[in-house]
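Shown next as structure tokens: one chain only, the form predicted alone.
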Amino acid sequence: MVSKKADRSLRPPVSKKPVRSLREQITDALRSEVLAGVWTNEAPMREHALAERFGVSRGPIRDALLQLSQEGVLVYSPNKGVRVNTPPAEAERLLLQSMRREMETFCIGRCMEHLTEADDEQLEGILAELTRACERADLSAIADNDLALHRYLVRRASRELEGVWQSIASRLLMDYSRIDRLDQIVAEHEVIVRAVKKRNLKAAQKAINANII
């Protein structure tokens, strides 16, 4: 029997669209831009310029940069400040790929029986956003919604694992090689969502593993 305390992460979301804090919105925006190649490797991330861009104080910017540095998307150097990190080397990429597959197949197995129609609607909504982003070739939105769909399933399984997963997924996607095959991105995520809606665990795990490269 799962205790009430341990089962909290498996409860369906209260609202249809989770409210993100200002820090989370800025973090997600910058992460998506880096993964989409908007920022070049070693490009500086300057607090003052970003604060002006987002119309906020430096506090939320500093928090966002810290979060992305912890994920490995950014890197801090005493002489250079905060800059965009370089993609992982091949050996590191293969390790991250294996870790992400293992974690996501575990998470989908843990949350599958607890998913509801509300969860299906959430996933369909993210998939629709991803499809529209691909149709207009909006690379930042593609990266954001790609991550959002996978993150949703990880979060439904475990809030504790979500942070670990985010670092792995973000670092891995810095070497994203299929951004020019947008139809394939949509098709692969459609297979994932379809399998989840049917509560077909094996098919969902297979689709997830095929999508993570």
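All residue numbers are counted from 1 along the displayed sequence. These numbers were taken from a predicted model, which means no experiment stands behind them. What we label the rigid core is the largest C-alpha set whose atoms superpose within 1.5 Å from one form to the other.
Although not depicted, the form predicted together with a further copy of the same chain is the subject of the following passage.
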The single option of 164, 187, 43, 49 touching a further copy of the same chain in the model of the complex, heavy atom within 4.5 Å: 164
statement: Students should find that, of 117, 113, 102, 135, the residue having a non-hydrogen atom no more than 4.5 angstroms from a further copy of the same chain in the model of the complex is 102
field: Contact label in the model of the complex: residue 160 to a further copy of the same chain, heavy atom within 4.5 Å
entry: yes
message: Taking any heavy atom pair closer than or equal to 4.5 Å as contact, tell me whether residue 91 reaches a further copy of the same chain in the model of the complex.
response: yes
- prompt: Wondering, does residue 34 line up within 4.5 Å of a further copy of the same chain in the model of the complex on heavy atoms?
  reply: no
message: Since only the chain is shown here, I'm wondering whether residue 96 would be in contact with a further copy of the same chain in the model of the complex (any heavy atom pair within 4.5 Å).
response: yes
- prompt: Can you say which of 144-152, 35-43, 63-71, 50-58 gets within 4.5 Å of a further copy of the same chain in the model of the complex, counting heavy atoms only?
  reply: 63-71
message: So that I can tell if residue 80 moves, could you say whether its C-alpha shifts by at least 2 Å between the shown form and the other one after the core superposition?
response: yes
